[in-house]
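Okay, so we've got a single protein chain in two different forms coming up as structure tokens, structure 1 first and structure 2 after it.
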Structure 1
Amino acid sequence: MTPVFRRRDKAGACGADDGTVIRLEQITKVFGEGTAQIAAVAGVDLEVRRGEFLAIMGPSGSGKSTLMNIIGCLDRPTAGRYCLDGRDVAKLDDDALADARRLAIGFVFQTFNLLPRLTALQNVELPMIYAGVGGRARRKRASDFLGMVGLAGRVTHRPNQLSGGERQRVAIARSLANEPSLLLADEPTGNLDSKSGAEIVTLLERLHTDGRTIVLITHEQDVAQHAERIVHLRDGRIVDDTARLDAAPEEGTP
């Protein structure tokens, strides 16, 4: 599994080396200026252990996606400290963040964000192109991942020739392309019927069993039930943080 950061230097070290992958300290994200200011995330403290399967729930507009963008190194918080795998993200430059996004983090966007002119296969290939994977290996891996999400027959379709659920599954396949150790999924089952949704959940559980850390945003209680821990967000704040003892048993753990 790819570590979040390859080079282990002391610069920008933060947090204790205690198996915590994500450590958020008083993270705040404010949008707008003056009287129109909204704190989409308002002082969140959160720790996620390596290999944990965490679900984030909360009403629409409670700041889940905003928080996820910060965790995924896409956006920078207005205030607070974010340590990712022992590194202070605020101290990383743009290219180091790009390295993290490319190699260590798989991100499934709520709005898919596929490139409209590329086929499903090419979309899944894209992160591997940036990671320098050769053409043949890349196409093989991309079609394997598409097969894994049940889209073996749709490789040459463009996003606008796919249903919403199919696009979502292409987005999932793409997030897995570089075998990231941290998977961030913003409502990956939002557009799926319960059967395909269940398949995706099964896939996520399998990826979790392989040792990946998974953070999942969902509105659906039965999807959240598969996580080990559920965090509830309201108005940008954590209002509930419950470890689920009856979560799907983790193999190899006593």
Structure 2
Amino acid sequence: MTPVFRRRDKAGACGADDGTVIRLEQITKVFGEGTAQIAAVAGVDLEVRRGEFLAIMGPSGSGKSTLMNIIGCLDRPTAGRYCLDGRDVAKLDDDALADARRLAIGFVFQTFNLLPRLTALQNVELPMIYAGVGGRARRKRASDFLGMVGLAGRVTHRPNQLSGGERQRVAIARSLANEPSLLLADEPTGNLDSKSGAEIVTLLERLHTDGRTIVLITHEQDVAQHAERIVHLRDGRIVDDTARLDAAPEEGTP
């Protein structure tokens, strides 16, 4: 996957390409003014490398939604530096920010955000239309992505003809349409039953195995455990950053 910012000039670069997709340096987001100020995110340092599967956890009010909005270029931090795929987000103009949201980041939301009048195929095509992909090419790519998520037989179905799990699969296929550098999933199992939720988590694991970079926002411990690394937020700060322990024994252990 070619990082989208390689297509643009080098202004705003964040240093050499070292395989880091996300680099947050002392990211802070403050809401309110004067004595009513609240720091929803307070000095977060975080790196996510290409091909990593990271889960961000925290209770309500921990700052994880605010942090997700910053990572997704949906909001700007009050202070700190955010480098996305080698570019300083603060130095991007409106067009480059739109490119980031459209091309560099694939979004998966709890509520699916599918257009009800469009078929599954048309929903997956939509990001490619905005990216200027031609009709024949985008239809083939949309069909291929729907096949990848197990919906080859549902391409002409509209969202109200699909189960919740199938709608989330369409949303995941749509998020992959422009081959983004980062897949950002916000509570992707939150509106699903346990069986459908488990299937979505398995799909995310498979995408990670295929080399995709995934940041998963969740409050569910059993969902987060499928990531290879878990970051815990509390009161806007990282209180724990733990790699998942593999079952394989260490080298030299009988």
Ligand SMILES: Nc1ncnc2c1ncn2[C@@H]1O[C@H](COP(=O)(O)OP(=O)(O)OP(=O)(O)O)[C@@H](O)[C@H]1O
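A quick note: this is a predicted structure, and the numbers were derived from the prediction, not measured. Every residue number counts along structure 1's sequence, beginning with 1. In this text, rigid core is short for the largest set of C-alphas that superpose within 1.5 Å between two forms.
One of the two isolated chains is the form predicted together with this ligand, namely structure 1.
Figure legend: rigid-body motion between structures 1 and 2; of the candidates 102, 31, 133, 160, the hinge maps to 102. Put simply, the small part of the chain turns as a rigid block by 20° against the big part between structures 1 and 2, using C-alpha fits.
Overlaying the rigid core between structures 1 and 2 leaves the Cα of residue 151 displaced by 7.5 angstrom.
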